[in-house]
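Just the one chain here, laid out as structure tokens, in the form predicted on its own.
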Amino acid sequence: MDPVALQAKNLTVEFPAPEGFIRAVDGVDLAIKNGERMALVGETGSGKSVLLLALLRLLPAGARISGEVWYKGKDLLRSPNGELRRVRGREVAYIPQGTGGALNPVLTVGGQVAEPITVHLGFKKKPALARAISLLDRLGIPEASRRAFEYPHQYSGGMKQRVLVAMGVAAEAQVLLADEPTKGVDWQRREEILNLFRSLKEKTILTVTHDLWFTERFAQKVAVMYAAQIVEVALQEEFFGRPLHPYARALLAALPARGLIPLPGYAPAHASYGEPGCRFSKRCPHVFGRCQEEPPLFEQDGHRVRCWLYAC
């Protein structure tokens, strides 16, 4: 059995713009092992969610994707549509973020959670609905047996997010791609989502998140994304205990428990990504002459880090 569940190689995503194409994901190499839990962190606009969508070719038709995405010996970027449809949901499931845009407003919540159970697992309607209600109850939906027959507009934003999580795990996919699973939920419900994800011990989970509280308690490995590139990959305890990249250090320093020190400046504009140099250099306290060249990912004591400080 291949120890790697899902692997992106030189994955690049570009979108059309008035000035040509702009890059949202730039040459990403990332692998997640079978049974591993990985969190992809970074500020808004860094390309995290686009990367997640690209793995299953869920981007708009105008997007230009290159590179490779390997799953069970097949490159998903070059797989026929029919084969990809069999993989999506049943083997690799995507859990979207947001407060319900992925939910159909004219179908009941319970029916939508039950749908992947009937489509992918072959359940009849009634047992599928019973399973859906059990999932909703497990995720903290109050009076789930009654509220399963309500519609998305009758749910709060946080409740809709929990419904999206339920839909993602309903068909028992082995690989889960979760985009901001705790977004918009309160502290108690966030704990419930954390416990649910922890209970999926045999699953391979890649989650995009801004939630470093969730990351520290859930992930085994952390990847950091900045300006469309992966800048650090480390084991969870190494990332929180000894981050290497200056941007990773700044992310942790901004946490209230670590001093609430804001990171000055802004990420570079997408149109500037083709320019030479480190993309973090204008915000970096350690910038020096070599930062005028773009650094590769270096190996450093089990870390991968994109910074010239670790070139030796």
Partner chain sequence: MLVEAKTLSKTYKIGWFKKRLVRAIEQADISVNKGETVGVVGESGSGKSTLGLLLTGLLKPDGGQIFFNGEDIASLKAGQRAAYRRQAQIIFQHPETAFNPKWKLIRSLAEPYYLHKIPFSEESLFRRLAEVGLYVEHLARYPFQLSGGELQRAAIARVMVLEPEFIVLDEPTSMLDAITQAQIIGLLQEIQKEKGVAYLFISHDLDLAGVFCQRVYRLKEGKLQLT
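Residue numbers count along the first chain shown, from 1. Note that the structure is a prediction, hence the values are computed from the model and not measured.
One more form of this protein, predicted together with the partner chain, exists but is not displayed; see below.
- Proximity to the partner chain in the predicted bound form, taken as heavy atoms within 4.5 Å, picks out 259-267 from the listed stretches 66-74, 26-34, 259-267, 51-59.
- Among residues of the shown chain, residue 18 is one whose heavy atoms approach the partner chain to within 4.5 Å in the predicted bound form.
- For residue 120, no non-hydrogen atom is located within 4.5 Å of the partner chain in the predicted bound form, even though that partner is not displayed.
- Contact between residue 254 and the partner chain in the predicted bound form is found at the 4.5 Å heavy atom cutoff.
- Interface membership of residue 203, defined by any non-hydrogen atom within 4.5 Å of the partner chain in the predicted bound form, is ruled out.
- This chain is drawn without the partner chain; in the predicted bound form, the residue among 147, 221, 183, 88 with a heavy atom within 4.5 Å of it is 183.
- Comment: the partner chain is not present in this chain, but in the predicted bound form one of 171, 193, 212, 129 has a heavy atom within 4.5 Å of it, namely 212.
- For the stretch 44-83, the set of residues having any non-hydrogen atom within 4.5 angstroms of the partner chain in the predicted bound form comprises 44, 45, in sequence order.
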